[in-house]
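Below you'll find only one chain, the form predicted on its own, shown as structure tokens.
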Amino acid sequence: MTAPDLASAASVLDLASKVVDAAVGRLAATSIDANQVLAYDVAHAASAVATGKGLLDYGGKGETEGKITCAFIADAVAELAGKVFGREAEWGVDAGALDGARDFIATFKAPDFVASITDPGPRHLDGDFELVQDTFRRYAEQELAPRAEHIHRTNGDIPEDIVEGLAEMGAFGLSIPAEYGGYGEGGEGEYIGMVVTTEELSRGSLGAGGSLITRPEILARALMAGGTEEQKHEWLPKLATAEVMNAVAVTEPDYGSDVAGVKVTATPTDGGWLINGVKTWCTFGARADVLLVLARTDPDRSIGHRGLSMFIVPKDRGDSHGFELVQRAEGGAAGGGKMEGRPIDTIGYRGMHSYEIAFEHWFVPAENLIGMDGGMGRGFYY
């Protein structure tokens, strides 16, 4: 049986790092916009190399951990080699820059070696995170797993008692600071807690569990990054208790991962903003009480991502099979705005439902621009 070789793993990662650094240097000397394919490949490669380096310490904790580490690094560097082969000049490296990794990849990417890893490996969590793991694993086994297949096969709604149960357990407030009604105490720990919880809930159901808590996480992070104190005190406690559930409306039909190019607009009006345009893949959009909407507040599209701002957009809950909402005028605010949600059939995430959502003069109060005046043009970063 092949034994893990962490020294060789570190050496192989060093080769990969040099290749990535060379490509980063080329991008810095030219333009990411002019070299988008290379930039995309380098971003993936850099993430894989960083993950591999992070695994080296884990790999030293035991034989299973070592096997997992070597298998991951072999796979990651083999994938990088495939991107570089024939494009060495573009990456700024010599032909054969990764030849020193061949033997390592052949050994630790071999089917027999990978097949020998039958144990997912211990996590080596500390006591607090072990408790988080055990708590949410029990909930996933007892409450999610027995209902997951029915939700998936019928594309049914996620039962409200699941939402309520997770809220009572604090799942929606894991990374919201305690001062705002959550359970976060700051530091890297709250990220680990969120990851462990997501993994455990996903064991029972990705759609009805693991993915369910990520949308409040995204809005909470945006508020913590740029929200005013008034906005934090208004929204974070409601997110932590699931009094308010949110969806994320960023992607557009012609702009998927190219977030900087989105076209949905927010134009000033008396007391706030009017949202116009179409978002897509807005998961959980019908059940949500608010949408986190990225919109263009500067009509000059040539400035790209610098013209985008982030809004918290309240709405009534809609029917999961499609909804059309008409806005009522309240307190002198503009009325008559429309929001229409068309469900998109998906293979996965069934039960959460994804939507194409069209906005027509949908009014958003001025105080719902995240960061207020300081948030203008900062939506891309949030």
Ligand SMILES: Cc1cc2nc3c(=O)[nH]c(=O)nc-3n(C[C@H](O)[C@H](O)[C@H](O)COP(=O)(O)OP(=O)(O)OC[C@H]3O[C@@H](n4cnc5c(N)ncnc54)[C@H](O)[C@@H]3O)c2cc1C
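For clarity, a rigid core is taken as the largest C-alpha set superposing within 1.5 Å between two forms. From 1 onward, residues are counted along the sequence shown. Predicted model only: the values in this text are computed from it and were never measured.
Although not depicted, the form predicted together with this ligand is the subject of the following passage.
- Partner proximity in the model of the complex, defined as non-hydrogen atoms within 4.5 angstroms of this ligand, places exactly one of 267-275, 120-128, 94-102, 281-289 at the interface: 281-289.
- Residue 256 belongs to the set of residues with a heavy atom inside 4.5 Å of this ligand in the model of the complex.
- Taking non-hydrogen atoms only, residue 36 approaches this ligand to within 4.5 angstroms in the model of the complex.
- Though the partner is left out of this view, residue 346 does reach within 4.5 Å of this ligand in the model of the complex, counting heavy atoms only.
- At a distance threshold of 4.5 angstroms between non-hydrogen atoms, residue 58 is out of contact with this ligand in the model of the complex.
- This chain appears without its partner; in the model of the complex, the one residue of 162, 222, 71, 248 with a heavy atom within 4.5 Å of this ligand is 248.
- The contact residue chosen from 215, 83, 147, 296 relative to this ligand in the model of the complex is 215, the criterion being a non-hydrogen atom within 4.5 angstroms.
- Once both forms are overlaid on the rigid core, the distance between the two CA positions of residue 313 between this form and the one not shown is under 2 angstroms.
- Shown in the overlay between this form and the one not shown, fitted on the rigid core, is a CA shift at residue 342 smaller than 2 Å.
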